[in-house]
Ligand code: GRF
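In the form predicted on its own, a lone chain appears below as structure tokens.
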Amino acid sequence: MFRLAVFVSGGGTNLQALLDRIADGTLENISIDLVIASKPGTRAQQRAEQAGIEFFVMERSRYESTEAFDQALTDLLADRPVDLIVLAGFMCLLGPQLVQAYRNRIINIHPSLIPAFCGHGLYGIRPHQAALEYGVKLSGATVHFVDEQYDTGPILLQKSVIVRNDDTAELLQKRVMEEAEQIILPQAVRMIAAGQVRIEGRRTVILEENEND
């Protein structure tokens, strides 16, 4: 069994997409063993509890420093057999200790086509607002591996979404979520679990299934 820890901050729609793909057999021999939220009372918590998944709230404000928060997250995961950490709308930058402990075993879904509209402060609705203000004709989502900075790790998958003339940030956000994020995040998890992804410097190489033998 390939085991996931999913980090969330809000509604948990991408968490639900993973749960749905596990339920329908698309993500075969993959389980979500742990969900960590950055704040209490989220819809993501309800989704995790309804699925019977172990759930923790880890609020950055409760720790005296980023180092202490980093240590607490690392300690929480240390005794659990986690193969991959999935940041599914997690709004906190991971610390270097956790990133180093799970190097190339942490992925994030970002609601833009990186390197556009990404980096510090560009999360939630903000990438969509920025895309509309810039006037781009294509937006989308990116799955990338996580390093010590915001949205700078090797890109694994991207999927574009057409920006419509009458789009608002909210409409674009919903469509990017449904037409891109919820498609490529499960796909990325499946590929990693199957051993089809190799990282070479800043590049990812996607292998055919018979190449990982």
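Start at 1 and count along the sequence shown; that's the residue number. The structure displayed is predicted, hence computed values, not measured ones.
Omitted here: the form predicted together with the ligand. The next part is about that form.
- None of the heavy atoms of residue 195 is located within 4.5 Å of the ligand in the model of the complex.
- Although the partner is absent here, residue 155 lies well away from the ligand in the model of the complex, with no heavy atom inside 4.5 Å.
- Residue contact check for residue 177: one or more of its heavy atoms lie within 4.5 Å of the ligand in the model of the complex.
- Within 4.5 Å of some heavy atom of the ligand in the model of the complex lies at least one heavy atom of residue 13.
- Proximity to the ligand in the model of the complex, taken as a non-hydrogen atom within 4.5 angstroms, holds for one residue of 73, 88, 85, 143, which is 88.
- Residues placing heavy atoms within 4.5 Å of the ligand in the model of the complex fall in a single listed stretch, namely 107-115, out of 129-137, 76-84, 107-115, 92-100.
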